[in-house]
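Have a look below at one chain only, the form predicted on its own, in structure tokens format.
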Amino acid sequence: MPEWRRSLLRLWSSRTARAGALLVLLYLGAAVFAGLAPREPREIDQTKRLKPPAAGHWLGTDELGRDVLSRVLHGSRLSLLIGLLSVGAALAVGVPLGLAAGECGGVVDLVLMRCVDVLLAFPGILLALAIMAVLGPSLTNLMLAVAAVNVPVYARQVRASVLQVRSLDYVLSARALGASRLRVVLRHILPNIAGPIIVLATLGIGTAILEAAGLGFVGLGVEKDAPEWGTMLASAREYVLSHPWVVLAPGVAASLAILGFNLLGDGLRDWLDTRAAAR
């Protein structure tokens, strides 16, 4: 059996990774097939306000008569878009910063890490709230705010990983053979620190979904009628006791999505640690 197949089987043998992967696949399926939802997510029918789950509305309707199942499904697509793009943007900025700080050292490291420390001094949600208050609610601004909050996290992790591997034999050998600094970073350092970055990014998607839902809950996310889980929770919070399905559906969906990425990230971390120990 090829080594890559044995490696994947070891990953799948982890209960944590398997549970996380199944939840993530369920979430991805909901996002991909959201277009098959039974109703339009913004379709209002005042004659069906706050109807309990029944045939035709499997998760009931909300305070405006909108189908909750349709809004949850479309919310999964919107949350996935926010999670992937915001984490991608944070990686695009944080990884080069961490590489530059770890490889160059000296003044470059000092200046970059002090800037990162300033950002880390603010609680993430407060920094995101401040950015959204300045830029205004919109999908693009929401992704920018979530990305900005996570840039320091990736920069710190990448710098720490670079400092661990830059003095290893294969890196020193490449330098002795005359390889340029850029070649050493791209060819020898970055591929060997990819594992922690992948794990952190996987966990970061769940964090980004949570942060986006939190901003939506306080009214600084996307537009108010958008089928976004945090916005849905905000508009339904006054019905939590009288009509609990309006709150439970988006709340459970968000919780399962976040749990799935967290479990998958933990499983990937254990798998990568096992592979590193085996080498």
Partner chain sequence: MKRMRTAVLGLLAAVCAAGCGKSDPSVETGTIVYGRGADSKSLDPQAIEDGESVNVVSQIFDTLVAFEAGTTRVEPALATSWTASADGLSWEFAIRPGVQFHDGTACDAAAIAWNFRRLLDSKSPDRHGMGEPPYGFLYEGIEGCEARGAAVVFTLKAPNAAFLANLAMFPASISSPAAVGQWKSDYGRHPVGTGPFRFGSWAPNQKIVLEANAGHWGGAPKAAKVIFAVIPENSVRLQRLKAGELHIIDGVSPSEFDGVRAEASLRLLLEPGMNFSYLAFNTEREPWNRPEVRRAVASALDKKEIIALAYSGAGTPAVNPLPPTIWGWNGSIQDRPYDPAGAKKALADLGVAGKELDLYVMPNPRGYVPNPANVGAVVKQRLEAAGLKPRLLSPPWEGGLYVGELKEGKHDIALIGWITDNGDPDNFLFTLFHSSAIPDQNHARYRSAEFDDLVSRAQRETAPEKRAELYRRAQERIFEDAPILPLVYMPNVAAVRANVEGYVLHPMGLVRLKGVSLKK
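Values in this document were obtained by computation on a predicted structure and should not be read as measured data. Numbering follows the first chain given and starts at 1.
One more form of this protein should be noted, the form predicted in complex with its partner chain, which is absent from this view; the next part is about it.
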Looking at 54, 32, 64, 26, which has any heavy atom no more than 4.5 Å from its partner chain in the predicted bound form? 64
May I ask you to state whether residue 137 is within 4.5 Å of its partner chain in the predicted bound form, using heavy atom distances? yes
Would residue 241 show up as a contact with its partner chain in the predicted bound form if we use heavy atoms at 4.5 Å? yes
Scan 212-246 and write down, in order along the chain, each residue with a heavy atom lying within 4.5 Å of its partner chain in the predicted bound form. 223, 224, 225, 237, 238, 239, 241
